[in-house]
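For reference, the chain that follows is the form predicted on its own, supplied as structure tokens.
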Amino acid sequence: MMDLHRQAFKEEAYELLAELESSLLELEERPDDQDLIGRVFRAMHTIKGSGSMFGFDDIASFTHEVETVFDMVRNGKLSVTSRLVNLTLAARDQIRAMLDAADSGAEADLQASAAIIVGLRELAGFGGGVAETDERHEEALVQQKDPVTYRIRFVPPRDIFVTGTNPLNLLAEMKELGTCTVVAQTDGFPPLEEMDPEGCYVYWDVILTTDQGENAVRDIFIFVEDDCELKIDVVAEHSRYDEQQDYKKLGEILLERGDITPQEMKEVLSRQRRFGELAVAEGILPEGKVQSALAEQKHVKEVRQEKQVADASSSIRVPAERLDLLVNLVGEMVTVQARLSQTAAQRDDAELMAIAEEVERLTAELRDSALNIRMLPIGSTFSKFKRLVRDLSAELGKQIEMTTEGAETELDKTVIEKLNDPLVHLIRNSIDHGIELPEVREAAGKPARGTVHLAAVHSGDSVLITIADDGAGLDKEAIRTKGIERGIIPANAELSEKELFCLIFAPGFSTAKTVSSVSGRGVGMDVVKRAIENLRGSIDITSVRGQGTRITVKIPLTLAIIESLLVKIGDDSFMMPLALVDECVELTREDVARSHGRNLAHVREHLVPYIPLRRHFKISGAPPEIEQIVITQVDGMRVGFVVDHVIGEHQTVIKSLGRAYKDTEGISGATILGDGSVALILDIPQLVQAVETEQN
């Protein structure tokens, strides 16, 4: 059981570290933002508290040092500087390393921890003051309490102004402890002729909800408590909200405060008017006391409503493995459902058909629900890249701002994980090759600070992710020259701009004149393309010299189940991803004869090249008199695939091929059909590439 709790802590800690990194990067831009400072402090505080609870003492101890410094920032005793952000980011990385090390059983780098702690202590100005940090630790622990609502009556001494104390400052200090409602009471004012102009005749009722504890409230009045009337009562403990659905009625509050006697309340209640109005009208209570009690009632009600809203939007944490198992089971269910539908159709049984249709409907809903559970916003990945841009900019001496758009766009968790490395590589290339040094940009009439824009948007059953920079753009002539030098293209080749840009995806291709620590060895863009294609996606480049480069990655929403087109060649079945299919047209023997072996079809006055799959896969047997061409879109080009028959759309549960077949060209996986037979899923872009290579 403890292992489960430790694992749950680690998952929570990883999420908190991601949030911490994001908050720190924003804090660097807005160092006075108290909300961000609070978020950083809370993240550290939670990691420390939970870490200590589940046996991660080294992490708790280390995090305590960072938390102590941010407690000073929170209290206005220390400013947010670049050095503080750098040290805290380094601390964040160190905590992550310590969490990773806990998995492998290895020890984290203790020297790195010590160096960060020394830096933070120097920054905070208390060197190795262990006692001082422990004192702050104790203060911080106070905040682990659940929020409590206090009723505070503060009646200052009449001569409080003579002592140089301003009671309004005390009230302002109290507001910093939490949610606060203040009601001034003025029923103590004497007639004007009796009034001392230097006297204080006002007193206050304060309703305060805070997690700081009663001592924190009393500390505010520490210098006046002996001279004033101070009454602090607990009116609600918010950890027990569920037991207290309704707050007290107005009469109960006044009775509890001692502002009214039970007899007076009984007399008032005996009359058919609103209690507050009656109490004031009868002169039992001044208007201010009624208003104060009403304010308390309203305050507690609002705090409870806020908590109920927060509870309603809460979520549960489920290990990713369980979700993967659920999706796999749903995949099996889809396969069985297809078999049931096919069997029902063959038996011509109306009742069985009705059951099959109902199962089909439920399976479709179950499939969508299961896949939606694994959908995550891509924003968390975007946040990681902000750190990448920040660190690389500093390393290369460049000024770069990263902007994002569409962070709420959702993608399958597996796709997001596999997309991380290709995107990191593309962003690194934009920073290293794309964005110029500040002086170069200014000489070109550009602002010294460059921009890398990362955007995501849904497009049908796919997501388009764009990495755009306003840097130097691609040098077409340099790419062409390098392509000829490396023998990738002949010297007299006439390539379109798009084909020219695609050369950078060739293995080992690089136009960089120098090799930096970031890139320049020509290693990576071919790997990026392959990784994107493995996700059944595509990559597209546009660039204008001197203005920048835009790379667009198109990937499917999910990898588990896809909509596809079922086709047949002889007795063999194949699946083609429906997202790539444009249309289907017939191909007659006359059409084949007219193309004179060039594999070109006339489709509405346009020539479309096609690939005869029967010939490509060496499938024996004669094709039918009229074949079908399935026309697809690959890298912006229409390419046809000739098959015997088009069966129709099919919900395809993707099964990976075994190790022996993992390098099979043109096949990305397999699926099981309703009759139990296997259909291969075609890798359309790879097939086109293979045929182009053969022809060249």
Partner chain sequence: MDEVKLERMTDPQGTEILKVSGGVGICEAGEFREALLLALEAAPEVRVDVTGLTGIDLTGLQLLCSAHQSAVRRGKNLHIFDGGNATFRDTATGAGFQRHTGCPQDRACSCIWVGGES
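Every value quoted in this text rests on a predicted model; they were computed, and no experiment measured them. Here the rigid core means the biggest group of C-alpha atoms that line up within 1.5 Å when the two forms are laid on top of each other. Positions refer to the first chain, counted from 1.
There is also a form predicted in complex with the partner chain; it is not shown, and the following applies to it.
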Just one stretch in 158-166, 69-77, 527-535, 405-413 has heavy atoms within 4.5 Å of the partner chain in the predicted complex, so which one is it?
158-166
Students should find that, of 265, 101, 202, 541, the residue having a non-hydrogen atom no more than 4.5 angstroms from the partner chain in the predicted complex is 202
Tell me, yes or no, whether residue 175 is in contact with the partner chain in the predicted complex, where a contact means a heavy atom of each within 4.5 Å.
yes
Considering non-hydrogen atoms and a 4.5 Å limit, does the partner chain approach residue 223 in the predicted complex?
no
With the partner left out here, check for me: in the predicted complex, does some heavy atom of residue 329 sit within 4.5 Å of the partner chain?
no
The partner chain contact at residue 193 in the predicted complex, heavy atom, 4.5 Å
yes
Stretch 171-189 - residues with a heavy atom within 4.5 Å of the partner chain in the predicted complex:
171, 175, 181, 182, 183, 184, 186, 189
Does residue 167 move its CA by 2 angstroms or more between the shown form and the other one when the core is aligned?
yes
Classify residue 542 as shifted (yes) or not shifted (no) between the shown form and the other one, where shifted means its C-alpha moves by 2 Å or more with the rigid core superposed.
no
Quick one: once the rigid core is lined up, does residue 609 have its C-alpha move by 2 Å or more between the shown form and the other one?
no
